[in-house]
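Here you get one chain, nothing else, as C-alpha cells; it is the form predicted alone.
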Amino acid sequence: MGPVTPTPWDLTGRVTANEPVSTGLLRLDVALPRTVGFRPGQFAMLNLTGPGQLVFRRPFSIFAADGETMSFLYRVVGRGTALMAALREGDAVDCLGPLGRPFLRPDADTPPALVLAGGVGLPPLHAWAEAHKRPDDLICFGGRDGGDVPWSLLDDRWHVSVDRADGVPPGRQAHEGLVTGLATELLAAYDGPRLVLACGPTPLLRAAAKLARDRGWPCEVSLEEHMGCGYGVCKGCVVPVLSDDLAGWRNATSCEEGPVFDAATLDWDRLGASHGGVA
C-alpha cells in the first residue's frame, strides 16, 4: 500500500503567532478549525480575509503541523508577504492545502540522506527531518550570516554554514562558506551512497544536483517558484523538464508536478534563476 495522502483542507484560521525567528525569516502559526495533515515538501496557499484580501493567494511552504495549528516559515520579498508580516494575533487567514508533490518517504531500502536547506528553503526539509529521524542522515542549513540562521529551530543534528561568520551566537558553531562545501567536508567521513534532498536558491539546487549526479546518487529538489493559483490552472510556475519528444524538453507546473522534482528530470540548462519562495 502506498503512502497515505492527507485530506485536502480549505479553511479559515486565526493567527496565534507571527514573529521573527532570525533577521530574515518569520514564523507564522495559524490555528485552524480542525486537525489537518501534510507531507514534508507540500505547501499551502494563504490569503488575507475581508477588504484587504489579495487577488491571488500566496504559496507558503509548510513548516509543521501540531493538532489544529499549522506553522509556516517565510521571508518578506514583496507586497503579499509584507501584508502577511503585518498580521497580528487573532487576525483571520484563509488556508488551502496541502498542495504539491512531497519529498520521498524513506523505507528500509532508502540510503541515508544528505539534506541541504538554504534560507527560506528550510521549512520542507525541517519537516522531513522531524518526520524521519534516522541516525545516519546528514542535515545541513546554509544562511547569509549568523543572524540569518534560526538557531532556536535547529537541534544538534543540524550542521550550519554561513557566507559570513559574523553574528554566530556564543556556544554555536558554523562553517564559513557554502553549504555544499560543508556537505563535502562531512561526506569525507562517511562511506556509501546517499539520498540527496535540497531546497533553497537555484545555485544551491544546481550544486546539490551535480553533487548527486557525479556520485550516481538519487536527488530530489524542491523549487521555489512564483505561483498564482496553486493547482495548475494559471501556468505561472512552469519549469523546464526533460522529455522524449522532438524538442527534448517541456514545461511542467511546479505546483502540480512539483514543487519536489527528481533532479535528474529537470532541464538545468533552461532552468532560470530562482524567483524566491513567495512574493
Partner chain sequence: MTLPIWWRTDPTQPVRIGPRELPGRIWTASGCFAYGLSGHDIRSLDVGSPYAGIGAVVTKTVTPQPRSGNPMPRLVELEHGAINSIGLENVGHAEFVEAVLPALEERGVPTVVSLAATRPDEFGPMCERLAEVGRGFVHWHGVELNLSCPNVAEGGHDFGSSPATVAECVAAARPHLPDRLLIAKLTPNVAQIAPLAAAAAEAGCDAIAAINTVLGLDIDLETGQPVLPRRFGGYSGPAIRPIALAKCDEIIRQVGVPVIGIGGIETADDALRFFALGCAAVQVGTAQMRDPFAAARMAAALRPDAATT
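Positions refer to the first chain, counted from 1. The model shown is predicted, which means the values in this text are computed figures rather than measured ones.
One more form of this protein exists, namely the form predicted in complex with its partner chain; it is left out here, but the text below deals with it.
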property: is_contact(Pro33, its partner chain) in the model of the complex, heavy atom dist at most 4.5 Å; result: yes
property: Contact flag, Arg57 vs its partner chain in the model of the complex, heavy atom cut 4.5 Å; result: yes
property: 4.5 Å heavy atom contact, Lys210 to its partner chain in the model of the complex; result: no
property: Partner contact for Cys229 in the model of the complex: its partner chain, 4.5 angstroms, heavy atom; result: yes
property: The single option of Leu186, Leu87, Leu195, Leu96 touching its partner chain in the model of the complex, heavy atom within 4.5 Å; result: Leu96
property: Single option in Leu223, Cys219, Cys237, Leu28 placed near its partner chain in the model of the complex, where near means a heavy atom within 4.5 Å; result: Cys237
